[in-house]
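For reference, the chain that follows is the form predicted on its own, supplied as C-alpha cells.
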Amino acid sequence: MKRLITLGEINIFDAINDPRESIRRMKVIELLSAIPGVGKARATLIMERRNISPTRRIGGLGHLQLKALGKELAVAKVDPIRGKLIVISGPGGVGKSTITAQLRNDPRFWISVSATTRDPRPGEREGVDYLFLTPEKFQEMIETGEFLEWAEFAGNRYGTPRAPVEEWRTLGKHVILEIEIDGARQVRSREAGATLIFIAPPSWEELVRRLTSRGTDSPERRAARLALAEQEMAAASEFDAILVNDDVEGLIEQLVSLATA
C-alpha cells in the first residue's frame, strides 16, 4: 500500500476508505510519510498540528481527525476521488434501516443523519439518530437552501442537510441517504448525479405480512399503511436500480457493487 502511494498509483484516501482489516491496522504516519513531497518530518508535523497521535491507526481516525487531515492534504494537493451520493428508498417495512445499519461499519460509506423538528425520543442521540432543530431553525435552513430534501409528516418536519453530505463526499466517502419516495424525487431534481436505488420486497404478499404483523396497529392504521405501500411500490420504475430484499447479505453486496463501480 505504501509503495502504491509513493508511486502515485493511489492516494492516502484510498487507504483510509479501504475496508480491509490489514489496511485499517496500518499507522496513519506510515501512509502520510509515503506521500510524495510529504515525508516523515512533514507527516509528523501535520499530525502534531492536528492533535493526531503518532500511534493512531487508519481504522481509529475519528470524524474530526479525518476532516482535519483532509484540510492538511488539500494544501499538499492530495485530493480524494469524490464520493457518490446513493439514495435508498422503498415502501415501509421493506428493511431499509436494516440495510443501512449493516453499512455503518464499512469505511467506504457514511450514512446521512436527518434533521427533524420533533422532540427526541428516549435513547435517541443528537447527531447520531437525528439532528434535532427548532421549527424556526428548520424554516431558516429551508429558506437558505440548506436541505437536499425535506418533507412534513405528522406535524413535524424532516430533511437532509446538504453541508455534511458534501463534506463527506469531498473526503471520498460514498454517502447513503435512507429517505422516503418524495425525498428521493427531490434529490433527483437537485443532484443529477445521484444514484437512486429502490428496495423491493420479495413479493407483495410478504410486504403485507410485515406491515400487518404489528399487533398494536388499528385496522384503520393497517389499511393506511397498505395503501401507502401500494403507492410507493408504483414508484419503483423512477429509480436507477431495483434490488429485491430476499437476502440482506446478498442485497448489500449488490448495493456496494453499484456504489463502488
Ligand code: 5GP
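We call the rigid core the largest set of C-alpha positions that still match within 1.5 Å between the two forms. Computed from a predicted structure; not experimentally measured. Position 1 is the first residue in the sequence shown; the rest follow in order.
Keep in mind the form predicted in complex with the named molecule is missing from the figure; the text below concerns it.
Against the named molecule in the predicted complex, the set Lys96, Arg118 and Glu180 is in full contact: each member has a heavy atom within 4.5 Å. At least one heavy atom of Gly159 is located within 4.5 Å of the named molecule in the predicted complex. Put simply, Glu149 is close to the named molecule in the predicted complex: some heavy atom of it is within 4.5 Å. Although the partner is absent here, Gln139 sits far enough away that none of its heavy atoms falls within 4.5 Å of the named molecule in the predicted complex. Under a 4.5 angstroms non-hydrogen atom cutoff, the named molecule in the predicted complex has Ser114 among its neighbouring residues. With the core held fixed between the shown form and the other one, Thr100 has its Cα displaced by under 2 Å. With the core superposed, Gln186 shows a C-alpha displacement below 2 Å between the shown form and the other one.
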